[in-house]
Ligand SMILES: C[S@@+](CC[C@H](N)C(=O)[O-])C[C@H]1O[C@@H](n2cnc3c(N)ncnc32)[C@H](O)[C@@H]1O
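Here we start with a single chain on its own, the form predicted alone, put down as structure tokens.
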């Protein structure tokens, strides 16, 4: 096998550089000897490093199935989940009934495979209640439901049982942040623990981002997250949007409504706080064949003059139903 010989102190920097260029041979070991690091390469053309031959065979990386081969039956191995959601250092499994008794074995294997994961839990309920919270059963690792999640250049501290949070919406949060213009006043209704407020404040240049959240635990974490991200242009309020917003006496250039299930019921209060020409992002749950027409009909009930700017599918909610967003400009 061909190896690039580099000084040990330069090894990690050069490994990243070669990896980005697609020249590292995956599956082969990196060798360290006498002050040098030997990096396995698949192509030597254009490389300015000393190239040497070393005897090495590819190392087959373990998989979840291979680690559990002695613990699960062939049928159970077929039922292993293809992946899992992770929030910070917590992995969240959704296990079929046939694997519920094997949850601990599966969780321990995940801890071996993923060094960044410190806690593994399984979903123990559906999202329920006014705050759409979910219960989890601890399977392995550190016994905690609190973690720090990183995305889009920010940190979010939260307890997964006390706060609704979807790690799958990170791309959508960045999509919205990329639209925010300098010096905009932005309102985030149903702000949760602060994912939209923090991502926008950190990645755009708004004059002000206001977040309002009803769940007192989520509001508590949103204040923490404002502080740990050092965001001075964020103002947060705890309470009911319909009561808090009118008291502010302020109008906004952009309003986010990330409450898909009932967000449309708050359109009238949102419109009263929208500047002329403001952009509103309304989230909804819809069957794909009914989108965007069904969501646009909801907007028409509250807003007589508006222009649709974009209609986006933001992820799956249930079989045949998606989380969606309509961006529209108030006329």
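In this text, all values refer to a predicted model and were calculated from it rather than measured experimentally. Numbering follows the first chain given and starts at 1.
Not pictured, yet referred to below: the form predicted together with this ligand.
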{"query": "All of 173, 190 and 266 with a heavy atom within 4.5 Å of this ligand in the predicted complex", "finding": "yes"}
{"query": "The unique member of 110, 95, 259, 139 whose heavy atoms fall within 4.5 Å of this ligand in the predicted complex", "finding": "259"}
{"query": "Contact assignment for this ligand in the predicted complex, among 214, 87, 177, 99, heavy atom within 4.5 Å", "finding": "214"}
{"query": "Residue 181: touches this ligand in the predicted complex, heavy atom cutoff 4.5 angstroms", "finding": "no"}
{"query": "Contact flag, residue 195 vs this ligand in the predicted complex, heavy atom cut 4.5 Å", "finding": "yes"}
{"query": "Contact test in the predicted complex: residue 81 vs this ligand, heavy atoms, 4.5 Å", "finding": "no"}
{"query": "This ligand contact at residue 241 in the predicted complex, heavy atom, 4.5 Å", "finding": "yes"}
{"query": "Answer range among 146-154, 246-254, 127-135, 68-76 for contact with this ligand, defined in the predicted complex as heavy atoms within 4.5 Å", "finding": "127-135"}
